[in-house]
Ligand code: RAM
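The chain below stands alone and is given as structure tokens, in the form predicted alone.
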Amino acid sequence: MSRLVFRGFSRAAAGMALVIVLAGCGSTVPTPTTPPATATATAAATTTPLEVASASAVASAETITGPATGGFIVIPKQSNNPYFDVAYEGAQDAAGVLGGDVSAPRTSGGDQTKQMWMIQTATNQGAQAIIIAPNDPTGDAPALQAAMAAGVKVVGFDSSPVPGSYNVFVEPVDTAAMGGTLVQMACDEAPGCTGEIAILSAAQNATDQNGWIAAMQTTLTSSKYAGLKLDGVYYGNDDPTISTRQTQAMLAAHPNLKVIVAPTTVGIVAAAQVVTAKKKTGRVFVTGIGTPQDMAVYVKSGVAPEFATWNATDLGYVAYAVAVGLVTGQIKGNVGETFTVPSDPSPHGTQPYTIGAGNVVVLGPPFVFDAQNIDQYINPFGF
């Protein structure tokens, strides 16, 4: 089969896996109505329910070994985004272990039309699998369904495609746990867990952010968080300029705002920059989902005392491994299947993964960074 002609990302610098840390295996994650306490470095001993398996299940788990051949296409939400660069690094690592020819076309943030073209091009050129983080799940669905009809395996990652337009979705974090963690961090930062909060999200139709926001709204109904008032949700489209304008707009509309919750790596940086520039440090706090390299300065300045994330390298690695399993027939993509992946060099294979309801595999629970642990996870090579 000929090599697909997409232009790929450049390989990330050595050591980038240190930047984003995933918690490992252990106890289950609470539901959003009983949100988890703020995690520390000891959160590396926690896991999600879907990763828990009995000894017999582990013994019967299918190990994805490859060898894969042909083209595996990773389609991110946007190019030149450090988060997706790191995820692609994980996919490249997996390809080195499991085989296959992996490439990632370039896309600007929120460009759903270009994503559709990429899906169609990959299908027409005979790709074995498409690994995608859709900008517009509904808009991408027809092209993904056509790809599946042509025999292409489709694996969603980061943000879910529409059910019926993927074989397996690798969810980066337990949705309920992330919603609970986001609210708990807002509670930690708001004086006395009281005051107004607002959300700076990515796109209005981003399934991952919308799931976390829904979980936040459920969590906020708990009596524990009765002192928090949600002013609204703003959308920055994962664009630094738009996210900056939206942050400025929320601060102008809500002069008593205490915490901005940004469940997006682009938005959280924009919000922290605006709060810093407006000299509101100590009066308005920022939390959400970010990377240690981006957020360390704001953790240390007190603008963003804590934030959460997961291991983007592992996300790309496991998504690629699932694609290989589907292409080689080592997994069928059925609910209830349990599998492991090779652990070279990271500990991806030390726990079983189970395909749960909706053909979803949960990567793991959120991990919270703060002033006590962030220096351990800043990549010395830069981000």
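Don't overthink the numbering: it's just position in the shown sequence, from 1. What you see is a predicted model, and the numbers here were worked out from it, not measured in a lab.
The form predicted in complex with ligand RAM is left out here; the points below concern that form.
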Of Phe307, Phe285, Phe84, Phe169, which residue is found within 4.5 angstroms of ligand RAM in the predicted bound form when only non-hydrogen atoms are counted? Phe84
Go through Gln184, Thr175, Ser103, Thr265 and name the one with a heavy atom inside 4.5 Å of ligand RAM in the predicted bound form. Thr265
Quick check on Trp212: any heavy atom within 4.5 Å of ligand RAM in the predicted bound form? yes
Is it the case that Glu189, even though its partner is missing from this view, gets within 4.5 Å of ligand RAM in the predicted bound form, heavy atoms only? no
Spell out, yes or no, whether the shortest heavy atom distance between Asp158 and ligand RAM in the predicted bound form is within 4.5 Å. yes
Touches ligand RAM in the predicted bound form: Glu89 (any heavy atom, 4.5 Å): no
Only one of 256 to 264, 140 to 148, 221 to 229, 123 to 131 gets a heavy atom within 4.5 Å of ligand RAM in the predicted bound form; which is it? 256 to 264
Output the sequence-ordered list of residues from 183 to 210 with at least one heavy atom within 4.5 Å of ligand RAM in the predicted bound form. Ala202, Asp208, Gln209
